[in-house]
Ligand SMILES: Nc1ncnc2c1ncn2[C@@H]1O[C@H](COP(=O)(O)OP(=O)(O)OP(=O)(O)O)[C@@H](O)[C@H]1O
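For reference, the chain that follows is the form predicted alone, supplied as structure tokens.
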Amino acid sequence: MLLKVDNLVKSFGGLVAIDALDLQVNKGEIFSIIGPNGAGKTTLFNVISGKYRPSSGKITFEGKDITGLKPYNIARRGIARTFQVTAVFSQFTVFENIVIGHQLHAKSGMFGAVFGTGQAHKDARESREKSEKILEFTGLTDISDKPIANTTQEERKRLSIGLALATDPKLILLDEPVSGVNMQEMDGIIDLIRKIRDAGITVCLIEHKMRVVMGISDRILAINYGKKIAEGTVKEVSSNQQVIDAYLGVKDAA
């Protein structure tokens, strides 16, 4: 088991967004989270990644308690994430974005960056080499010098994943990785997600497109109103009547 969430609660005033939720993500799997709009899926990611502090409950990663840690501390422990709205540095090129992402793990720190220490020069060289590998891995090498303003939505999705991979994660949280892309582009993103899993990185994703979820997942968690209604294999979850009533009964054009 890589990630474990026990009795997690997140409230905003009188609104309970996550309600006594338990889940576990196993090392090496693709674990999908589904549920209607407003079910609490993105809030769950925000709590796991440290953007929000939980109201109560416990989050364990690799057997260590990470509950309430700051986002940069959680990232350094090996959890990276993407967002529904692709988060990139719009004033830079594709390549420069990946380099910036890799700086999270630079050893020289701010002092080295300002005063040009030997460690800073070594970090810069390593960042460029790592960034080139990530561009190749995500299929972005041909547009490495392209300004972000001129990229497509699909290219930005790949770049957002590349930024997350630049932190050398053990677990990557993907928030609607195929939203806003066409069917052909969707297949390419699906292939990239499988490639990430095959490279030894565990994947946890939120997705509304059931063709993607059913075709790629090892296990699925279904939530509604912040509560778990099912967790298990694709077959187990897709045949659960509560899931059908809450979510799968809604027609999905994708």
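One rule holds for the numbers: they count along the sequence shown, beginning at 1. Small disclaimer: the values here were computed from a predicted structure and weren't measured.
One more form of this protein exists, namely the form predicted together with the ligand; it is left out here, but the text below deals with it.
Though the partner is left out of this view, E176 does reach within 4.5 Å of the ligand in the predicted complex, counting heavy atoms only.
Proximity of T43 to the ligand in the predicted complex falls within the 4.5 Å heavy atom cutoff. In the predicted complex, Q84 approaches the ligand with a heavy atom inside 4.5 Å. A residue is said to contact a partner when one of its heavy atoms sits within 4.5 Å of a partner heavy atom; H208 meets this definition for the ligand in the predicted complex.
Of the candidate stretches 29-37, 195-203, 214-222, 56-64, only 29-37 has residues whose heavy atoms lie within 4.5 Å of the ligand in the predicted complex.
Not one of F89, F95 and I148 is positioned with any heavy atom within 4.5 Å of the ligand in the predicted complex.
Checking A17, L21, A246, A230 against the ligand in the predicted complex, a heavy atom within 4.5 Å turns up for just one residue: A17.
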